[in-house]
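The form predicted alone is given below as one chain in structure tokens.
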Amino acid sequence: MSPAETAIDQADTSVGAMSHEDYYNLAAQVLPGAGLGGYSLPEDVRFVIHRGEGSRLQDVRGRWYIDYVGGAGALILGHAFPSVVAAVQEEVPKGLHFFGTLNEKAILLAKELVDAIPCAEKIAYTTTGSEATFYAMRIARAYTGCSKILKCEGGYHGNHDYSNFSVSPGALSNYPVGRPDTAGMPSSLAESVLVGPYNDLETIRKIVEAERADLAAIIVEPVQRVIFPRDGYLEGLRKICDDNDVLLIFDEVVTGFRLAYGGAQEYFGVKPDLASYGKIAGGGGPVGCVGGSDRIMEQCNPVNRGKPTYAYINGTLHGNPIGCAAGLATLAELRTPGFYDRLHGRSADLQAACQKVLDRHNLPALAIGRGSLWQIVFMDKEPESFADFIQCDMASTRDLDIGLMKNGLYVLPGVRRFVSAVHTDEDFDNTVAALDAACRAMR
């Protein structure tokens, strides 16, 4: 498929039950902003998804896009991967949903997750990654008897109130006081959620030592968006936590099963006390989890209900059999010998090819990332903190991403993107051509 055939200006061949315009008119009537969640695309590039196949999406007009969003990174095997589809099809006739009692697939997937996650002796299921970080914080508070959590500025840990401090502030925070990112949060939460800078061990150490009497845990994305840790940073966090009797939580919702089969814990060789997972663990289905030692996870043992240290965890879809079947099939594929070497090598090739295009057009932008996480940003060096993103040219970054969408790529403007195991050489050739066209338009 050539770039012209994937481009957004190709002739319409409607495949939807309604027209593109009719879908958006209906969406405007029933959904705030005619959107899902926090993203709203400009009218000239927005589209309604009809289906996903491999590395691509088709919209209701019949147009195809090369997908680098990948379900927010969940779809490491792309869309409708045959073995995952087969596992779901086999499970669906047995029942879509159960509650309150164990099911076969939930037990089998839990065993695979415990085997894969270095810090986990037991896991507790969740439905989403946001739930997983929320419950990890609750378990940490229950285990330590302390109420405060320290997070990093710019770190995203989901959509709940305890995570929405200083995710994307317009100015640097007055550490350790964070800035709320949304209306509707109780002001009292600011006393429980502390904020420090990513990749700055000295400032984190000072905050921990000052707050240690009531600090339950540090929660951190091992890779914050596309900011990778400096050498020794994660090891330093581990030592700070050990020295001050504070738990370390890794938010592995993105890095889990993507950087390596054992996630960031394997990739960087640092083991946290608790880890939160979502996305890939359920093969794109409604499955996430919190993993930790038997001692810590005992806080959410339902037998302990009523005890002062009991951490309540419950969800109607926890251990959903369809999602667990998809997760089992996905993890089996990820265990294929050489899987991550191939994925990471191909991703590095794509980034290098994109950088050549940017350099040829003399644009002051970088194709950054490692593993299969990447992004193009208008910066003069690889970012090491959220402060670097505040200072970079995000307007040009967004303009270029809009140009990529106009030329047949699906990216969320200003947001990191993902390479999947099913992206092809043709996809990469078309991506380079789309970037070249977007660069020409910018100039």
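Please read all numbers here as calculations on a predicted model, not as lab measurements. Residue numbers here begin at 1 and follow the sequence given.
The same protein has a further form, the form predicted together with a small molecule, not shown here; the description that follows concerns it.
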From the candidate stretches 105 to 113, 177 to 185, 326 to 334, 151 to 159, select the single one in contact with the small molecule in the predicted complex, where contact means a heavy atom within 4.5 Å. 151 to 159
Which pick from L215, V253, I249, I117 sits with a heavy atom within 4.5 Å of the small molecule in the predicted complex? V253
The single option of R225, R141, K271, K122 touching the small molecule in the predicted complex, heavy atom within 4.5 Å: R225
Check whether S192 has any heavy atom within 4.5 Å of a heavy atom of the small molecule in the predicted complex, and answer yes or no. no
Indicate whether the small molecule has at least one heavy atom within 4.5 Å of a heavy atom of G263 in the predicted complex. no
Answer yes if any heavy atom of R61 is within 4.5 Å of a heavy atom of the small molecule in the predicted complex; otherwise answer no. no
Examine R416 and determine whether its closest non-hydrogen atom to the small molecule in the predicted complex is within 4.5 angstroms. yes
